[in-house]
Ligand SMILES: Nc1ncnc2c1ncn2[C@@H]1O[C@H](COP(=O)(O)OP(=O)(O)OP(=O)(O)O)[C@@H](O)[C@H]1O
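Take a look at this single chain in structure tokens; it is the form predicted alone.
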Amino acid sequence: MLLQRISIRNFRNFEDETVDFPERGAALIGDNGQGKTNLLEAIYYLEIFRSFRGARDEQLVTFGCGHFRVEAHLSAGAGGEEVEVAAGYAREGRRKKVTVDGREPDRVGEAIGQVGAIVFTASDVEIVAGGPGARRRFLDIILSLVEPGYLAALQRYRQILSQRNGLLRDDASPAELAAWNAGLVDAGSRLAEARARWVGSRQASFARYYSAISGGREAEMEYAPSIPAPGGVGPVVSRERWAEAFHVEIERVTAKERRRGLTLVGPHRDDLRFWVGAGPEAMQLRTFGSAGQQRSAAVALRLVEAETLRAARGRLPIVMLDDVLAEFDPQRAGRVVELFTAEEWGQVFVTSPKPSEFAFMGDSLAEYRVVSGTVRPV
């Protein structure tokens, strides 16, 4: 899909702005704090209806205003399908409304993925270097976009988990607790199977991208479930086997859970690990990797995400790069640029505090100046 036009009202520092974009995309030029990242955030909001920066909806509303609205007109190209995606949020009542071509879906989750966008940011390094919550969030977002039924299972799992934790805190009877275990296992095994299958199918791509960025170094991505993996983690482990393993583990830790008042096993405690090197000398990137290695892994992971979207949807993703190269040394930065120019993309949006330093698709992108929440072609 191509983003032809976006209208933004009362979102971050954008009061009322409508911007038309060319088919190839744009280089967004402006000083820090002018709204470049906010513009990318508004575009990506229409992909998952959440901020990629982790902000709550009420934090996105312009100061002093009561609501925001973002609307995009997308096209599949000349003669192709067109779609309008819009999202609004009102502080009063904390109400969110999403529409696709003017129609409101029964559930917001039914409308995700319409834009088909990937966003690369300098803060992506936290997926590799930060806590496991960031890595679970990455897995949940990509799988919600490409795996039918995943988002519904995730929402169901979280609801049951909350109920079960409440029962544990209240010292509920074994019978009451057991009544929730079946639902937790059913939804949780669905998540674990999908995560293991995705990671197993994308390990080679991650290693290839990391090697290209790092100049030939080896790396590995590994799913680390909190449920003991039945027969070893891999894409061939069935959902039924994950359910069996989950049930056994819940039974094993029930007494400890009662003492702690907390569910201690399940996908909410999973992790995604990254290793650099090979054999006994391999080291975990989160703990022992250098800043350059961690950033290289983060970009490789986003490239795997883009590859996943391409394969699932059969179309090129919109790619947004928010000051991604700023923290790289010149050698790694050059390799990243080579990767992007070699890959096939849809539209490309890139931010920079100065006129674009690199070209995509063989030619420089059209430049737009971003100043105090306004966007104008140069």
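Sequential numbering from 1, following the sequence displayed. Because the structure is a prediction, the values reported are computed rather than measured.
As for the form predicted together with the ligand, it is not shown, yet the points below apply to it.
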item	value
Interface stretch in the predicted complex with the ligand - options 310 to 318, 342 to 350, 25 to 33, 327 to 335, non-hydrogen atom within 4.5 Å	25 to 33
Residue contact check: Leu60 to the ligand in the predicted complex, 4.5 Å heavy atom	yes
Any non-hydrogen atom of Arg50 within 4.5 angstroms of the ligand in the predicted complex	no
Partner proximity in the predicted complex: Ser364 to the ligand, non-hydrogen atom cutoff 4.5 Å	no
Residues of 316 to 338 having any heavy atom within 4.5 Å of the ligand in the predicted complex, listed in sequence order	Asp323
